[in-house]
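In the block that follows, a single chain appears as structure tokens, in the form predicted alone.
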């Protein structure tokens, strides 16, 4: 692959795939999101879906591409004519998590394996700002980067058949929140009372790739209060705007 341009190719007859270097880094994420927005502008009059991962962008047409050669050239020109990438604007969201042992069903296991107190695990988990790289696995499931190395732990050898909605887990070097009830193999350390995906809303999820989140430890009473506020539509998610 060229050091200057990513690899741009057809994927089947209804998609174009842009592949960057196969690494995971915040610097590359900024580059991916910068070009993702330019591509979305390129297709503003055409119904396509533009999706990013750690190091790639997929342009999904839903139907067979009419003129694949011309569309490939148009995408290549986006990269040829825009070499100076800029950091994107983002938001920092404060995400409440209850780490009570009733929710954090693997906290004691992690504490034993990592030789940490449960309170240290909570402190290490709430300290960083986590970057949202992309969404996948489930609608609203955020892939987050920035987990402290002291908390990195293997997934379950036998995944659980049922993980509760809002469960906060750790798997290898990642942490995340299950947006709905699901099978899963991550180690569970708490539960978040928020809803991360609502198909009935015009924008189903408030948090996007490139945003950051910071976990805040809450007790069970605060957890129940937030649940009630959400139920009555008067909960306000805290966020901070950040210029690129």
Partner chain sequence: MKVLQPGLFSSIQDYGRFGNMKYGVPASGVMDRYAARTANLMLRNDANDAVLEITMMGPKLEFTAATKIVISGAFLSPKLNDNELENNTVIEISNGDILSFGRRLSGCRAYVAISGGFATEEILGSKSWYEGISEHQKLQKGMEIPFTEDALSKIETFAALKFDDKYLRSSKIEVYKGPEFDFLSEEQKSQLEASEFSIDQNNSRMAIQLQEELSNELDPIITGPVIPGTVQLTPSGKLIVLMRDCQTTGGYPRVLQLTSEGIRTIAQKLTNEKIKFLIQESL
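This is a predicted model, so every value here is computed, not measured. Positions refer to the first chain, counted from 1.
One more form of this protein exists, namely the form predicted in complex with the partner chain; it is left out here, but the text below deals with it.
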Answer range among 91 to 99, 112 to 120, 135 to 143, 158 to 166 for contact with the partner chain, defined in the model of the complex as heavy atoms within 4.5 Å: 135 to 143
The partner chain in the model of the complex: contacted by all of 10, 58 and 68, heavy atom 4.5 Å: yes
4.5 angstroms heavy atom contact with the partner chain in the model of the complex for residue 22: yes
4.5 Å heavy atom contact, residue 17 and the partner chain in the model of the complex: yes
is_contact(residue 78, the partner chain) in the model of the complex, heavy atom dist at most 4.5 Å: no
Proximity of residue 44 to the partner chain in the model of the complex, heavy atoms at 4.5 Å: no
